[in-house]
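Consider the single chain below, provided in structure tokens and representing the form predicted alone.
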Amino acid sequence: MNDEQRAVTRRGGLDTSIRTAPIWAAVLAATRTAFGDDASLRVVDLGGGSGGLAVPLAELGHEVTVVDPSPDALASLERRAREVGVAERIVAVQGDAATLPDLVPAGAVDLVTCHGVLEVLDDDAAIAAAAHSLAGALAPGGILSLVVAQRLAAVLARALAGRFEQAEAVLTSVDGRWGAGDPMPRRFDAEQVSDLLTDAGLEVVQTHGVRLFGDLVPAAMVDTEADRAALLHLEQVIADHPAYAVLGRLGAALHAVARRPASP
């Protein structure tokens, strides 16, 4: 483990959390490929809330603007940034996907992160507009990290719970929901996300399912550090296995990494 990895493990825990480790690894790999190991990036974190991703990014030396509709979350972000000592590298701005073009100049950002945002938008038109706004904020060669809820995981979870009609509804409905009581406003398939990003003018670098096991294993089964480490290791092993091309579709979330084409 290098010094950077130790710092992230100690401060943010992003590379040791079952929910964030594969996402964090993919983001770091993509930015290093695009910009090198030591570049200080201009980052926008849309829907970044209280800074779970923004603060670790700032700790690595990046300049991060968090755009979020919640003033309470942004206040928590600012307090957290001060406590950690990165307040000078984080800017908190109230806004959302619809107002992003008014808040961030076009082509001004090296990395945009948008995790758990598209699910809550009103309709397909709003989702498409958001994708274009995310793409428009990126400089040529810039990277987008997008995380959305994935459909097939919910199908499996509903079926295992004995809710067979709900499982069928998730599988066949346009929005990937099992009914009016479903707390998730929308779920996506990998093909939908790839088409969405391509239509916005981005090149899809990779899509991969995350949390293949983490959301299915009962909490009582991972109540020790050893259990959590073993589960994380299993998630990492399966991610490198050839079967993951199929099994990854069962991950609770889908992570897409895309790139704005460089100027000719």
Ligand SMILES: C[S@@+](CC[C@H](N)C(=O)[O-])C[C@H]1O[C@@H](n2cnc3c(N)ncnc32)[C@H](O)[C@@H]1O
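Start at 1 and count along the sequence shown; that's the residue number. Given the structure is predicted, the values throughout are model-derived calculations rather than measurements.
Beyond the structure shown, there is the form predicted together with the ligand, which is absent from this document and is the topic of what follows.
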property	result
Stretch from 220-228, 233-241, 62-70, 31-39 whose residues place a heavy atom within 4.5 Å of the ligand in the predicted complex	62-70
Among the candidates Val117, Leu152, Val86, Ala92, the residue which, in the predicted complex, approaches the ligand to within 4.5 Å (heavy atoms)	Val117
Leu46 within 4.5 Å of the ligand in the predicted complex, heavy atoms	yes
4.5 Å heavy atom contact, Asp96 to the ligand in the predicted complex	yes
is_contact(Leu121, the ligand) in the predicted complex, heavy atom dist at most 4.5 Å	yes
